[in-house]
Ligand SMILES: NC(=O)c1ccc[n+]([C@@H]2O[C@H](COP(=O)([O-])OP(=O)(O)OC[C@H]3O[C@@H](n4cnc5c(N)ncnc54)[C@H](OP(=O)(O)O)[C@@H]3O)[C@@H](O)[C@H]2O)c1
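As structure tokens, one chain now follows by itself in the form predicted alone.
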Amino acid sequence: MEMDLEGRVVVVSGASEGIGRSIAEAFAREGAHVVLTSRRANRLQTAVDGIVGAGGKAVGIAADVTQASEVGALFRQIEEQFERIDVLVNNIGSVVAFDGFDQVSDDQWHESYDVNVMSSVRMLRAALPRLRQSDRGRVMFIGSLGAKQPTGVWPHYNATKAAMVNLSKSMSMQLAPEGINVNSISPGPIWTESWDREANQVADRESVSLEEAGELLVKKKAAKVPLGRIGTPADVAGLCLFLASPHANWITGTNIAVDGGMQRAAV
């Protein structure tokens, strides 16, 4: 399937590792100009070097997108290099506190909202002037299955991801007359570096090695997935390519689960 992404300008947040890096790499393979951003300059440069080394077109700009001033500086640098932005992928997100409701403080609730919602608000606000210059503007919010099917674990994280899905829907309505499509993606369990913290907890609790803890964690998560495995970052990246392509011209305001069939709701 031809994606027609050659020369498109794509901005991906949280792109130094995991899902964000995979998304950036996928767009680069399709010939897009990719701008990767993340707080971690060293890891960001490693991701950029990997793309460029494979023949892709990419630049990395370190920024903490929870800070309005840094988002402003990020987009000033982007505007110096590109006349427009075609695709914005809001991938930044974090659990913040791996605790239950009784242990999460007010400050951690505020931090969770700032990281998982306000970062995307700031990114979209700053990107809009350049998105409006595109003939095929696209915005994607990378959320979580917990937005629509929360469990008792990490309620602060699930609540903010639900807010992100709601924001995506609202913005799709507002931006539709301008030809900018906005969608959200809700991944199920996908193994990334961020799982190391949870694996460490399992290792401490079960008195096993970190490697054994990772295997236990994967087995436990996979047992809940109808397709029998946890996902990979590439599973999400492929959907992002489709949504950015002309094949998705009539898709907006939608939340799409990439979860191996975990979501139980029929509609």
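This structure is a prediction, so every number in the text was calculated from the model and none was measured. Residue indices: 1-based, along the sequence shown.
Not on display, but discussed next: the form predicted in complex with the named molecule.
J.: Please determine whether Pro189 contacts the named molecule in the predicted bound form, using a 4.5 Å cut-off between heavy atoms.
T.: Close contact exists here: in the predicted bound form, Pro189 approaches the named molecule to within 4.5 Å, heavy atoms only.
J.: Can you work out whether Ser144 and the named molecule are in contact in the predicted bound form, taking contact to mean some heavy atom pair no more than 4.5 Å apart?
T.: Result yes; Ser144 sits at the interface with the named molecule in the predicted bound form.
J.: Give a yes or no for Ile19: in the predicted bound form, does one of its heavy atoms lie within 4.5 Å of a heavy atom belonging to the named molecule?
T.: Yes, Ile19 is a contact residue.
J.: Verify the contact flag for Arg39: yes if a non-hydrogen atom of it lies within 4.5 Å of a non-hydrogen atom of the named molecule in the predicted bound form, no if not.
T.: It does: once the named molecule is placed as it appears in the predicted bound form, Arg39 has a heavy atom within 4.5 Å of it.
J.: Within 4.5 angstroms, counting heavy atoms, which one of the listed stretches 60-68, 238-246, 208-216, 27-35 is next to the named molecule in the predicted bound form?
T.: Of the options, only 60-68 has residues within 4.5 Å of the partner.
J.: Looking at the named molecule in the predicted bound form, do all three of Arg8, Gly137 and Val182 come within 4.5 Å of it through at least one heavy atom?
T.: Spot residues vs the named molecule: no contact at all.
J.: The named molecule isn't shown here, but in the predicted bound form which of Asn166, Gln77, Ser94, Gln149 has a heavy atom within 4.5 Å of it?
T.: It is Ser94.
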